[in-house]
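The form predicted on its own is given below as one chain in structure tokens.
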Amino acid sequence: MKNIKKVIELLTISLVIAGIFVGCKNIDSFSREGSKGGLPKIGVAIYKYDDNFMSYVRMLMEKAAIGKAALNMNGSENDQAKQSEQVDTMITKGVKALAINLVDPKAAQGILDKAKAAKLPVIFFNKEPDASVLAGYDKVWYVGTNSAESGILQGKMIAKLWKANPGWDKDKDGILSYVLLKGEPGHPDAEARTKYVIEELIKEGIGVKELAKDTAMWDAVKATDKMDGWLSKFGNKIEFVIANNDGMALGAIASLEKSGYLTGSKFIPIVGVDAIPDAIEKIKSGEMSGTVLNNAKDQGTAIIDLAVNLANNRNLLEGTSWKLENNKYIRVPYINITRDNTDVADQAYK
């Protein structure tokens, strides 16, 4: 027994040590090709790795960088102080450009101050800084979407679906009674999607009634908990679930499935934003009614194309087809996705 106990202890110690080395490797190494191949080093920080959409952007950035750049990838764990330290470390490691998905858009100026001191170009992406911050440095740009567009398109999609499915109006009052799962408060996308989806429904002539609205912080588990409470309170009075992203839409689906709300007369339509693969499968199966494609492939590719040019001291758009808006922005358009065009979303993740 003593020998077995000793072996277990040694194995445990070995695993801990291995974990430490793996952790260090993830922090210190440059992705795929690595700095050994003589490729320019680009420092990347993602606000948190377990965000559904950003996990795909990260994967597609790594794919786009093969043979072009050595990426120093960092997950900031939704901690702005940690991200700022990561930027310091990446600069020390000799990166030639920075690509930053901010934890807090208000921290953009602090990141730019560090980049300016090192004379480094910066690509912000996904979380848009204030325009005045971008205007204050000639080596900073933004890659992302027009936040309002996602809410407007989602509203148009809901209106079209609602009109095509009169049976969804359970109480036959001509009013769409909804609950809304909001992303992180203060996040430009969360605020714009929440505002414009409802404004667009009204413009489309749809009467609306808000039963409940609350944040689930982009998170599926939090969305499930929130939806559990709403189902307990409102039950079949809920005629539509609107989610600021697909992660929360999937969390709502998990809650509805537990309570038998996705079949027959208890069906409740759900729409999200992002068109991540898991959500597309739910649309194909009929459990989810639609989403808005937030093109991870185009965004990831654009970020790398621009950062590689900058790291090589080339013109920002050299050899690319991207169009610059107001000298600072690359805007990737959204696309509505329903069961009729899921192939469009499938292509965006290949």
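In this text the structure is predicted, and so the values were computed from the model without any measurement. Quick note: we count residues from 1 along the sequence shown, nothing fancier.
This protein has a second form, the form predicted together with beta-D-galactopyranose (GAL), left out of what is shown; the following refers to that one.
Would you mind picking out the stretch of 81-89, 187-195, 170-178, 259-267 that comes within 4.5 angstroms of beta-D-galactopyranose (GAL) in the predicted bound form, counting non-hydrogen atoms? The contacting stretch here is 187-195.
Although beta-D-galactopyranose (GAL) is absent from this view, report whether Lys226 comes within 4.5 Å of it in the predicted bound form, heavy atoms only. Close contact is absent here: in the predicted bound form, Lys226 is far from beta-D-galactopyranose (GAL), nothing within 4.5 Å, heavy atoms only.
Taking beta-D-galactopyranose (GAL) as it sits in the predicted bound form, is Asn126 near enough to touch it, meaning that at least one heavy atom pair lies within 4.5 angstroms? Asn126 belongs to the contact set for beta-D-galactopyranose (GAL).
Exercise: Tyr56 in contact with beta-D-galactopyranose (GAL) in the predicted bound form, heavy atom 4.5 Å: Taking the distances in the predicted bound form, the answer for Tyr56 is no, it never comes within 4.5 Å of beta-D-galactopyranose (GAL).
Can you tell me if Asp305 lies within 4.5 angstroms of beta-D-galactopyranose (GAL) in the predicted bound form, counting non-hydrogen atoms only? No.
So which residues in 285-323, when you check beta-D-galactopyranose (GAL) in the predicted bound form, have a heavy atom no farther than 4.5 Å from it? The one in contact is Asn294.
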